[in-house]
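First, one chain by itself: the form predicted alone, in structure tokens.
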């Protein structure tokens, strides 16, 4: 009953959202929820691929599929750095001569943003027999709505971004630039004071 109630409130493609669940052994699996809003595409995909392979567990083995279920929401709000929105291009071939198709990341986000995250995650997984089973454990939704409200969901907390310390040469250059800017401001203030003094004397 709870599953039917959660599914009834979902407005998306329910058949696609629930496809392949019967082929997954859900006993003992955790349901991890990833909120893609404001997250960088590559960093999010790397965390999802780690969880979906079970690499965050001490019982990980490369020949077993011990990964958890991953539910990704707000896929349409994922971010990219640099000029990837226009420079990144997806290619595929229809099989006919000269039919090489291409689509930019911007067009793919407008067409189906869930496919962007799916491609990023699947290309981080090893190409073996476990790939299809891991793909079934990945459920991506463009908005915040999903039909798994009756499951014991656990929000995944993204690790803090590690920013590399500035190199000594760059740090010295930054300090010199700051000092130069301060000197220019002080010089400008002194010039203004001299001009005001001259005007007072002239008056």
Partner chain sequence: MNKKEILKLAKGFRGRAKNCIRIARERVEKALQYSYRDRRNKKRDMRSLWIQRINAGTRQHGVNYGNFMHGLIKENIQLNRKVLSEISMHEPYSFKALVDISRSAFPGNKNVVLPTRKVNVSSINV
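Residue numbers count along the first chain shown, from 1. We call the rigid core whatever largest set of C-alpha positions still superposes within 1.5 Å between the two forms. Treat the numbers as computed from the prediction; the structure is a model and nothing was measured.
Omitted here: the form predicted in complex with its partner chain. The next part is about that form.
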| task | May I ask whether 81, 106 and 162 each come within 4.5 Å of its partner chain in the predicted bound form, counting any non-hydrogen atom? | result | yes
| request: Give a yes or no for residue 115: in the predicted bound form, does one of its heavy atoms lie within 4.5 Å of a heavy atom belonging to its partner chain? | output: no
| At the 4.5 Å heavy atom threshold, is residue 110 in contact with its partner chain in the predicted bound form? | yes
| request: May I ask you to state whether residue 61 is within 4.5 Å of its partner chain in the predicted bound form, using heavy atom distances? | output: yes
| said: Considering non-hydrogen atoms and a 4.5 Å limit, does its partner chain approach residue 130 in the predicted bound form? | reply: no
| request: State the residue from 42, 155, 38, 168 whose non-hydrogen atoms include one within 4.5 Å of its partner chain in the predicted bound form. | output: 38
| field | Core fit, then residue 178 C-alpha moves 2 Å or more between the shown form and the other one | value | yes
